[in-house]
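First comes one chain, alone, set out as structure tokens in the form predicted on its own.
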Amino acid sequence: MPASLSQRARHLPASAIRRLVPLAVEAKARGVHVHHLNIGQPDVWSPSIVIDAMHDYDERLIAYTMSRGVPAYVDVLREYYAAYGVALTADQINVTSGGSEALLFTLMAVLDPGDEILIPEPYYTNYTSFAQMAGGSVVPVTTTMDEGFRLPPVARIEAALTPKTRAILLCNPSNPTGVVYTRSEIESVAALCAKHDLWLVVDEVYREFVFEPGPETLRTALALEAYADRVVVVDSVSKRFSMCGARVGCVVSRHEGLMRALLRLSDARLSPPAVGQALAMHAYHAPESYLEQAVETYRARRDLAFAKLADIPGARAVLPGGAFYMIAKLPVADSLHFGSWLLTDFARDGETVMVAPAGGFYATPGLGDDEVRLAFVIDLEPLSRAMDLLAEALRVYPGPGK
């Protein structure tokens, strides 16, 4: 009899974003061009200063770095946060191997086996995996398209707390909805965390991508000084500078005990990527116009995708305020079947489109079955074509079992 797998390994959920990849590979093998709206891989080029630094990289030995990150890079991050009015010391920043490790380490530091973390759904599907890897579980608080995916009233959030709740996790701007929470919304959740002695973890990977900033825009939860002892921010260069493959993120908190725990976790895995940090250091010295142009690019794509979706009978969405995603409700009963069918049975002029079925972004069974997440991370012309293909596919889709 073969050795058995752990309960953890057996029960980790499949990726809602990548589960249809084998079907896409098969479609491409048949000569079909697949327009990828399923994954948040930007096509905006990384800053030229980063590419130049990569070409000029001349270290003869790629060695370990300090566990919490290269000191010079930590100082760059301190300067970056200072521009948002947040003064940090070096030991309040812990560099990680991407935002994924930042999230995993944070949950490992705040959850014991059996503990719970409260998250508004729909949410980034890998939060479930990270929570389970840390021995905990996700308790969802449902947000709806009809309510603009805004945070529910605090009383509803509070009603979902249990004696096992240890933290509340927000993503701002949100992956997958594109909603941008206001300062008052986040502050009310922070006050709830203080009332019940909980951590407030905020994933701010899409911080710069806010399309219509206003006086209520809170760029970072670290600015909530009254709650500095419980706010934990997760960050990354992956989306900000189109450097997903560099694998450089960080955790930021003013809680000394948490940062000591994160350092012990970091010591155990030795170091974050040396080359990635060397490149990320340059990214933060890119001209301001780089991020300004990136925001304009994603805003134009958002507007096109949203307008195209509005022309599809039976489809609807909430206009995203940030990031580069939207949850779209489609006239289908089973978006997983529809997403699969797009790759196995549908093509026009040798092209099809790939979407992410939204059921995997919910913890509540049955929710998201008629929704998909669309990532507007391709240029306007192919994006327009992809949306037209989606509309055509919905016109001819026969439904499950046909």
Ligand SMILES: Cc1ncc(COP(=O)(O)O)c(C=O)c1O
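Computed from a predicted model, the values in this text were never measured in an experiment. All residue numbers refer to positions in the sequence shown, first residue = 1.
The form predicted together with this ligand exists for this protein as well; it is not shown, and the discussion that follows is about that form.
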Residue (of Val179, Val231, Leu103, Ile168) lying close to this ligand in the model of the complex, criterion heavy atoms within 4.5 Å: Leu103
Single option in Thr220, Ser271, Ser238, Ser129 placed near this ligand in the model of the complex, where near means a heavy atom within 4.5 Å: Ser238
Stretch from 92-100, 291-299, 151-159, 107-115 whose residues place a heavy atom within 4.5 Å of this ligand in the model of the complex: 92-100
Lys329, heavy atom within 4.5 angstroms of this ligand in the model of the complex: no
Contact test in the model of the complex: Leu279 vs this ligand, heavy atoms, 4.5 Å: no
4.5 Å heavy atom contact, Asn175 to this ligand in the model of the complex: yes
In the model of the complex, Arg207 touching this ligand (heavy atom, 4.5 Å): no
